[in-house]
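Okay, here we've got a single chain as structure tokens, the form predicted alone, with questions on binding and movement later.
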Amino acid sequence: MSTYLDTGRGANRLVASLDAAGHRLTGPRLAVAELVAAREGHFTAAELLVDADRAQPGIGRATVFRTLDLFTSLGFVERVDLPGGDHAYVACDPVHHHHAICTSCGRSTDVDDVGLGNVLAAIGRRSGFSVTAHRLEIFGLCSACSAERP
């Protein structure tokens, strides 16, 4: 599960990371950090806008999108492309990893890329392609949703 799911600790980690990266901590950024930390699983920008309007009506659409862009650029939030073509975001630690996302409940789990580096190196050797970055998103059912299905 993502490290930022605990609202209090997650928001504090986002805030501390913003400060360490040299970004100003504004009231709206703090509010968005708290909203992101409170989310479980993936969320869309539209869902975050609804949350922001409920929590602090003065936060504008542009602020939410700029803050999401900032968090994404710093690696605190990652954009994921959903199987249906839409995209969403997940809160995570700013280290390289992948996500396994439940298509039923939306829960997101961080997954290490154990062995994937070797596969990418083999692809590079066979194709002559120099791999400089990669992203893997895994979709399926989490254990709780799997247990609910016959």
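None of these values were measured; they are calculated from a predicted model. So that there is no doubt, residue numbering starts at 1 and follows the sequence shown.
From this point on, the text means the form predicted in complex with the DNA, which you will not see here.
The closest non-hydrogen atom of Thr63 lies within 4.5 Å of the DNA in the predicted complex.
Contact annotation: Asp69 falls within 4.5 Å of the DNA in the predicted complex, judged by heavy atom distances. Contact check for Ala46: a heavy atom falls within 4.5 Å of the DNA in the predicted complex. Residue contact with the DNA in the predicted complex: Ile59 places a heavy atom within 4.5 Å of it. Taken together, His96, His99 and Arg125 are entirely out of contact with the DNA in the predicted complex: none brings a heavy atom within 4.5 Å. Only one of Ala16, Val131, Leu25, Leu136 lies close to the DNA in the predicted complex, with a heavy atom inside 4.5 Å, and it is Leu25. Contacts between stretch 69-90 and the DNA, counted in the predicted complex as any heavy atom lying within 4.5 Å, involve Asp69, Arg79, His87, Tyr89, listed in sequence order.
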